[in-house]
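Encoded as structure tokens, the following chain is the form predicted alone, with no partner shown.
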Amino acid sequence: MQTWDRACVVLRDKVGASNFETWIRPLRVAEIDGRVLLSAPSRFYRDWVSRNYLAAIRESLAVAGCAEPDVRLELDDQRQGELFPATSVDSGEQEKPSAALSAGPGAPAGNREDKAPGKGPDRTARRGGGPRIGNLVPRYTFENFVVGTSNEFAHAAARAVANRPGEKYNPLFIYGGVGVGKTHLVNAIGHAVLRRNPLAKIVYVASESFVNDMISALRRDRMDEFKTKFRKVDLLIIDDVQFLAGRERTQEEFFHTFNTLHEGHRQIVLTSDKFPKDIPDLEERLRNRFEWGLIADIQPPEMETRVAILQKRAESEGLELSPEVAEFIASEVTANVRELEGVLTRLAAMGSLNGSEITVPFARSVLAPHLVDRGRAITIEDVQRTVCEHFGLSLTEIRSKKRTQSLAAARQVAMYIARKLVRASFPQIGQKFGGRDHSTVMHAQDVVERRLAEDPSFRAAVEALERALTSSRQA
């Protein structure tokens, strides 16, 4: 089917090479009576593609010349456990189906963070004139949020705000590391407010989109429209507010927006990876206002919460996950919920394709390249040497104060891997890289994570570095 082949070229660019190989290539395609029928190798695959990629498939078919494509997904029981390429697109060397670790569009929710901030259109959620909830993530509700000691205070605060928006804890400022559940909680607030008041106007936007919107409004001389959009709302949610730092004009505009909403008893909810006083280059007047209401932190989940998150996610996906397997994964993956659920997604996908029962030995074999070995520990120096060898740098250079583009990129990768594999603190890592501040390390992690989500070749290179480090330790 030539139309499908052309659509796959578009679709590969749209979802990324790794996600394409993992979720699209296993589909078998046929055209019957003008309909495009896609046959999935398992129920898990069918449901996942339907939920997360069906819209992208339709859009790609339309671009390829299929007017108003009627796409249907079906399950062929005889194909379960097999892999059937659905396209003849030349993709070069085929990637292993590991993209589930990065969890592309629509990856499992749990308490996971949303994709990189500032990508895509503004997330405006309104209900009125129809049951549309904008871009609030459907699964990010209080009912799907697993509460543990690491997040119970932030959860209670979010519940209180949802019950009495604009009255209690205004603003609500939630901070914590990457992938611990901040975005889940603020989405849950939005859903709860809409259930109580279907006509409530909610704007949910990443701070980078706020910046881009303001720049566009200035360029087009439409600042009145911009102000109306953000000041005539019942609930304003700004994700990753730390990215407003250092932008004087944007901070000034947000300052006035904040004041207008606060004076009108409209609820403001903010998330950040830092405590307000630790955000560099943030104006004191904004820092002061962020501390007016309630500040709640979320820590990485403890063992019991990690197990509960895995079991809840598996249950929602219809996966059979024994307590032993859940405890095994939770004991190995400790950084954040995003990584935890990415591992579960990969395990489920491989089990579905191979027709294998998900046991502890199976989980260990499938996830071996990605799990933390408890043998000889990796050090920050090990990471630095491996990265330097890859980029052709010296240890002196990567630890120096030089900030050329290529050197800075290599240093950021080394900091990211050190944080992931060594489990060192931000200050400890900064000290090993020429005495840099912890905020520099946090910024490096953000930059690398965003690029990992967008650039498959970059992700492959970083994963290769991680494998080199873990395999050398196991030798």
Ligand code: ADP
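Numbers follow the displayed sequence, beginning with 1. Just so we're clear, the structure is a prediction, and the values are computed from it rather than from any experiment.
The same protein has a further form, the form predicted together with the ligand, not shown here; the description that follows concerns it.
Asker: Of 146, 393, 326, 286, which one comes within 4.5 Å of the ligand in the model of the complex, counting heavy atoms only?
Answerer: Only one option qualifies, and that one is 146.
Asker: Under a 4.5 angstroms heavy atom criterion, identify the one residue in 266, 139, 247, 229 near the ligand in the model of the complex.
Answerer: Checked against the cut-off, the match is 139.
Asker: The ligand in the model of the complex: within 4.5 Å of a heavy atom of each of 309, 337 and 341?
Answerer: Yes: 309, 337 and 341 each sit within 4.5 Å of the ligand in the model of the complex.
Asker: Flag residue 180 as yes or no: does it have a non-hydrogen atom within 4.5 angstroms of any non-hydrogen atom of the ligand in the model of the complex?
Answerer: Flag for residue 180 set to yes.
Asker: Could you tell me if residue 345 has a non-hydrogen atom within 4.5 Å of the ligand in the model of the complex?
Answerer: No, residue 345 is distant from the partner.
Asker: So, residue 459 and the ligand: in the model of the complex, are they within 4.5 Å at any heavy atom pair?
Answerer: No.
Asker: Tell me, yes or no, whether residue 12 is in contact with the ligand in the model of the complex, where a contact means a heavy atom of each within 4.5 Å.
Answerer: Yes, residue 12 lies within 4.5 Å of the ligand in the model of the complex.
Asker: Spot the stretch among 275-283, 401-409, 205-213, 181-189 with residues whose non-hydrogen atoms come within 4.5 Å of the ligand in the model of the complex.
Answerer: After filtering at 4.5 Å, what remains is 181-189.
Asker: Let me know which residues along 387-405 have a heavy atom within 4.5 Å of the ligand in the model of the complex, or say none if there are none.
Answerer: Heavy-atom contacts to the ligand in the model of the complex: nothing from 387-405.
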